[in-house]
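Quick setup: one chain, the form predicted on its own, written in structure tokens, and binding and motion questions come after.
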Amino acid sequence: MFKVAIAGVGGISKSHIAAWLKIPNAKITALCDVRPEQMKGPQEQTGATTYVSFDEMLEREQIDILDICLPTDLHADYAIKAIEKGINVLIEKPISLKYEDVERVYSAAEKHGVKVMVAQVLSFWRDYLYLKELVDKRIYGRVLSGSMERIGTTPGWSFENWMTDESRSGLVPFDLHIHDLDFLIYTFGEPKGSRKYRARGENQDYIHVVYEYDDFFVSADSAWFNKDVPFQSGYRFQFEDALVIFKEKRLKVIPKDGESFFVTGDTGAADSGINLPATNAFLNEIEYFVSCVAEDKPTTEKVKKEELQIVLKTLLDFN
């Protein structure tokens, strides 16, 4: 039974905790957050010991896996603290706001013989993996164009509003757009070029990007608006022989020849409370990481260090 600690019991941790509770060979034994009141509900769910000091938790607890759900600017340093104690680490995306931290974290993991993985959730999301399979197997021919979207309300729920502090979160490029960019790199590799546009105002941030590949392009829109905008994410990909649309949680295939049909989407995750769509992808990614630890196999089948470096390099160009 793997003993699991959660560092940071904020919004995204709810999705992680719900997934951990479904992993039969793992148990959450420790929670850490600077706000004791924040841990009350999760402590009742898990029976875990709570800490307001990360260093004290590392000193007192026997931890096999640390799940980091902290503000982005803390990810790399806290991961390395745990790695140096021989703890396997799952890090909520992004790994950092600094390019050099990718090598720093992965080198530490290699040195200390532990597993580390960044939770890039679209690599485990059925509706996106379906698209990747169409691309890889050329089921409908080659891709001609693509369009991706990820928009919502500027988050006002984060502790001390860290998500709207650019020095801590990186804003829309690192919080929202990173998902679609990571999936593009996972599926197609590094773009040959890009055209980036950004519009920023008080309490809002919008980016539009066109990524160029050898014989097709993909446009992507990501935004926080200062209005109550329901979270929306999806894609539209044009193949030679079909149009594939994922919108409003429904995945539709429109072949050039034959009848259109819907593909069943993901379901089953507990409500995170932070305007995320229902999915079991959080469970999928955590199950995968636990299997890598249990079977002593690399995590790079799904999340590669080199791809993380391409993602950060591309995102840093927005600054």
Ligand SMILES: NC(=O)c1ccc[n+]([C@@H]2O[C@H](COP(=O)([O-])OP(=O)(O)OC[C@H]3O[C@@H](n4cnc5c(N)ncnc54)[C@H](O)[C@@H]3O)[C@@H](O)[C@H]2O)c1
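Note that this is a predicted model, so its numbers are computed, not measured. When you see a residue number, it is the position in the sequence shown, counting from 1.
Beyond what is shown, the protein has a form predicted in complex with the named molecule; the following relates to that form.
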Problem - Among 70-78, 97-105, 214-222, 110-118, the region lying within 4.5 Å of the named molecule in the model of the complex by heavy atom distance - result: 70-78
Problem - 11, 159 and 162 each touching the named molecule in the model of the complex (heavy atom, 4.5 Å) - result: yes
Completion exercise
Contact with the named molecule in the model of the complex, heavy atom within 4.5 Å, among 40, 27, 35, 250 goes to 35
Exercise for the section: May I ask you to check whether residue 175 falls inside a 4.5 Å heavy atom distance of the named molecule in the model of the complex? Expected result: yes
Handout entry: Exercise: residue 289 in contact with the named molecule in the model of the complex, heavy atom 4.5 Å
Key = no
Practice task
Please run the contact check for residue 92 against the named molecule in the model of the complex: heavy atoms, 4.5 angstroms, yes or no?
Solution key: yes
Practice task
Would you check, heavy atoms only and a 4.5 Å threshold, whether residue 179 touches the named molecule in the model of the complex?
Solution key: yes
Exercise for the section: For the heavy atom contacts within 4.5 Å of the named molecule in the model of the complex, list the residues of 139-153 involved, in sequence order. Expected result: none
